[in-house]
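Next up is one chain by itself, shown in structure tokens, the form predicted on its own.
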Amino acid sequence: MTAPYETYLHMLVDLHRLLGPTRYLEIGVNEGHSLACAGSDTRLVGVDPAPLVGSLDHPDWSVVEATSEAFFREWDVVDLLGGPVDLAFVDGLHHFEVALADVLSIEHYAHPGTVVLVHDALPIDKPTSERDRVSVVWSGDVWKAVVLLRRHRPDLTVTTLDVAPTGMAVITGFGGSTDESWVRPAVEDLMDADYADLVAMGVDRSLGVRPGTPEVLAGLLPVGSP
């Protein structure tokens, strides 16, 4: 087995190469470093309430200045992308209920070959996983979104790759049930959980942690992907 990806951005570059998505949606673009990982043949749409990206060396990109909640409520996602989502990267507000809502919103525009990534899925310790930022590296409590998807959506394959600095969840298997009646009570049930609770549950088991290597990533892609 080859060495793990150096960072999540290296993984993202390789995933674009492996998957060759026609349409890519990114929630939380900041300065555009992750947007820049896409190939030139991919249509890029980014969403951020305060984007810092000024320009991008890419022929087909746009950024919508909005929260993800407002974006999915007010914008025509298929029209913006030119079709359904092939690859999405969720890296917005680091609160689990927001990350979970983003994944479930993206699901409405997904197809069986869609891959959704969730950044900051593998917390380092208690300080970096607080809901209020108190550290330079901050994953927030995004890990709870992964726990809930693994608990309540067995039709999806949800795996967390151990890539620096705070992991990346890879979600596939879209096209099944979109029942969301479980969401509200599940979010309320996990709202007060913290890093100590994750450790008690078992980090690897609860998050489905696997090594962040090219071989593992390739094995997670939907059947029929390049």
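All values derive from a computational prediction rather than experimental measurement. The first residue of the shown sequence is 1; numbering continues from there.
FYI, the form predicted in complex with a small molecule isn't displayed, but the following is about it.
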property: Close approach of Asp91 to the small molecule in the predicted complex, 4.5 Å, heavy atom; result: yes
property: Asn30 within 4.5 Å of the small molecule in the predicted complex, heavy atoms; result: yes
property: Partner proximity in the predicted complex: Ala66 to the small molecule, non-hydrogen atom cutoff 4.5 Å; result: yes
property: Partner proximity in the predicted complex: Pro49 to the small molecule, non-hydrogen atom cutoff 4.5 Å; result: yes
property: Candidate spot Tyr8, Glu26 and Ser34, all three touching the small molecule in the predicted complex (heavy atom, 4.5 Å); result: yes
property: Stretch in contact, per heavy atom within 4.5 angstroms of the small molecule in the predicted complex, of 159-167, 40-48, 55-63, 187-195; result: 40-48
